[in-house]
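First, one chain by itself in structure tokens, the form predicted alone.
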């Protein structure tokens, strides 16, 4: 993973636009229902969880309140979203079960075998080197622990087509996008067993279509209130993302893998 200094990309206006469509505390679609789906069949009750790329903290509330996690430590590279998460946990009276730490891009600042579960929702897209990332994930997992996540992926490793390239150009975020087979290879190389993926392209198409209709229709005034002169830019971002998903090139997936017990 890179050790370069990270510049703030999730500005207040961007977070405002995202949370308008995806709900307070969520920086990707689906909310609690999507988390429950990709945790299906897994028990995190009482477990120590590391949330990689915790954003504004909505996922961590779900992990604790709905799924009974013993403690969640959320890490992110941007202080403003960390501050939002801390405030949310305090407001909900969950500061004893949810904590946050700003980290720099690169290796995790944690001892080996520190967590039962490593979780991430649509945040690892920002990390180019998946092999180094998953080597760190398995290092901090206890034997028998598991990694469960979702991420925004590309259909393949070929040069981006026009629809997804247009979205990448408009959204302007630092992405290291790869295909599901690339993720599987990196996870297995790190030592994970039982690696599985689940395609969520159809879900994303439907979500982005509803988002675009909201932002360009009845939600436009609220978007303008939250983002001011940037409102049209965010409408364009969602329109471009929808076209990339409809083309089949933008393909989010669920992921999971298990660290051997011995």
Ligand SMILES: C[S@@+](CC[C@H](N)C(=O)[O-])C[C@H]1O[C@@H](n2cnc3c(N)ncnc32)[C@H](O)[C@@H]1O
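Positions refer to the first chain, counted from 1. Everything quoted here is computed from the prediction, not taken from an experiment.
What follows is about the form predicted in complex with the named molecule, which we do not show.
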Task: Which of 135-143, 75-83, 178-186, 162-170 sits within 4.5 Å of the named molecule in the model of the complex, heavy atom basis - done: 75-83
Task: Sole residue of 88, 97, 155, 126 within 4.5 Å of the named molecule in the model of the complex, by heavy atom - done: 126
- [ ] Answer yes if any heavy atom of residue 234 is within 4.5 Å of a heavy atom of the named molecule in the model of the complex; otherwise answer no.
- [x] no
Open item on the list: Residue-level contact is defined here as any heavy atom of the residue lying within 4.5 Å of the named molecule in the model of the complex; does residue 28 satisfy this criterion?
Closed with: yes
Task: Interface membership of residue 63, the named molecule in the model of the complex, 4.5 Å heavy atom rule - done: no
- [ ] Give a yes/no on whether residue 204 approaches the named molecule to within 4.5 Å in the model of the complex, heavy atoms considered.
- [x] no
Task: Neighbours of the named molecule in the model of the complex among 217-233 [non-hydrogen atom within 4.5 angstroms] - done: none
